[in-house]
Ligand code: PRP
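Quick heads-up: it's one chain on its own, the form predicted on its own, in structure tokens.
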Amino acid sequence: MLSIALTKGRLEKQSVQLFEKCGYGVEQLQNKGRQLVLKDTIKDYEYFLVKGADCITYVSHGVADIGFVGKDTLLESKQGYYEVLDLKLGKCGFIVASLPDKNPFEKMGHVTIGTKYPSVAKQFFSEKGMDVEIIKIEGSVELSPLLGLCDAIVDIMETGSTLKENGLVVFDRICDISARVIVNKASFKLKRKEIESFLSDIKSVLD
């Protein structure tokens, strides 16, 4: 049996649509109610629903053989897994943004960056040769430069409408991100045939 961890929310719904196109038995996923562990009615697969960061944890510790998770989460949490497939779903990007007159790359002296993704922000600015202070924010990151908590933010942007509505502009794009498939390292050896068959199914409906 293969165990597959799905990131709850939009990626979960998109994943279920892929499985349905593959001909899998996804009735339990489509009518899950409050259930978190569900069986495929056709294939010998078990699905369970988790938050993105937990998806990596379950795969890294071998509780899940396979995980569906955003690249943003992978960049923030480098644990033990193989990244094997870009699903090209949920496309967006990491950006640096602030108020129009607050370009962090032009500020002299101390620069503060607000973000939900401290590892990504730290690495990006380090590569730019900038020693910045990272402030971890869990809620609406766009609020922090408006209230003077930080000079700029590092966040995910899909359409840019939220930034625009709050009067913020993009000063740099760090990288593009999308949903990925990850595999437990031990599972890839022990269940290689089953995992490759699953990946082949997913690739066929992506193409």
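Keep in mind that this is a model prediction, so the values were computed, not measured. The first residue of the shown sequence is 1; numbering continues from there.
The protein also exists as the form predicted together with the named molecule; that form is not presented, and the subsequent description refers to it.
Listed residues M157, L146, V63, V169 were compared with the named molecule in the model of the complex; M157 is the one with a heavy atom within 4.5 Å. Comment: the named molecule is not present in this chain, but in the model of the complex one of K102, K128, K116, K122 has a heavy atom within 4.5 Å of it, namely K116. Comment: 138-146 is the region of 177-185, 23-31, 43-51, 138-146 lying near the named molecule in the model of the complex, near meaning a non-hydrogen atom within 4.5 Å. At least one heavy atom of R10 is located within 4.5 Å of the named molecule in the model of the complex. The closest non-hydrogen atom of T57 lies beyond 4.5 Å of the named molecule in the model of the complex. Although the partner is absent from this view, Q35 stays clear of the named molecule in the model of the complex, with no non-hydrogen atom inside 4.5 angstroms.
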